[in-house]
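Take a look at this single chain, the form predicted on its own, given in structure tokens.
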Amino acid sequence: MTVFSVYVVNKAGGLVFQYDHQKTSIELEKTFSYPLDLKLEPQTDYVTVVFGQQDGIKVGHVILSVNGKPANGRKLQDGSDVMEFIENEKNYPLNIRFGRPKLSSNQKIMMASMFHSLYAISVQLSPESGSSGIQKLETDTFTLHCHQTVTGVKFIVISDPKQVGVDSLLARLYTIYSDYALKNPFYSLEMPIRTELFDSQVVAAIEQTEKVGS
């Protein structure tokens, strides 16, 4: 069981802290003959599988390397275009490694802002006043837990669906925020939290939760 990541979002929807605890990602490698029986599409940051999932390779996976050459976005390490290289029959057989795309810093900021908006919408949709907003979102691969303080700060934990003790972790994160951010004379309210002591306390709290819940 695992805690994947932690987000702290201020009352305006700005991301003030983010930590990825589980950095390992599932990667799949396969050798293909010509023609490639997957439909790929170049997007802003990656070449992405859009149709024809097979052998664990799913829609949404991106190309991480081709014939051992790491892919940097839509280019290989040697500067060649990923799509042009794959479409050239002379380069086959091809060994392609796939994986889930990693979120950039800008994407994480955007996701935090979007969740802030969804949270506000959920409160407005409630037929009764005083709604708590979104506290938990469940999928087959992860669960999102959220705790909002009385001042509007949101603590978000993304974990394995089977992970226990996340409510206690959220409470502990709030305490850490109060002790190591709000009480820090050098910290400006609503601004990103950048202190090693805060980081280390968050990591320790996560590891304790995983240990208890394993």
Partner chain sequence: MTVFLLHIYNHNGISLYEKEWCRRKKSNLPKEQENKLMFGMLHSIKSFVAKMSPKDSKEGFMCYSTSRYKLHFYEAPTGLKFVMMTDVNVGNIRETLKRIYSSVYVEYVVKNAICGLNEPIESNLFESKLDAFVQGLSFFEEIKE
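Numbering follows the first chain given and starts at 1. All figures in this text were calculated on a predicted structure; none of them were measured in a lab.
What comes next is about the form predicted in complex with its partner chain, which is not displayed.
At the 4.5 Å threshold, heavy atoms of L144 reach its partner chain in the model of the complex. At a distance threshold of 4.5 angstroms between non-hydrogen atoms, S104 is out of contact with its partner chain in the model of the complex. In the model of the complex, its partner chain lies farther than 4.5 Å from every heavy atom of K30.
Using a 4.5 angstroms threshold between heavy atoms, R100 counts as touching its partner chain in the model of the complex. Of the residues in 121-137, those that come within 4.5 Å of its partner chain in the model of the complex through at least one heavy atom are, in sequence order, I121, S122, V123, Q124, L125, S126, P127, E128, S129, G130, S131, S132, G133, I134, Q135, K136, L137.
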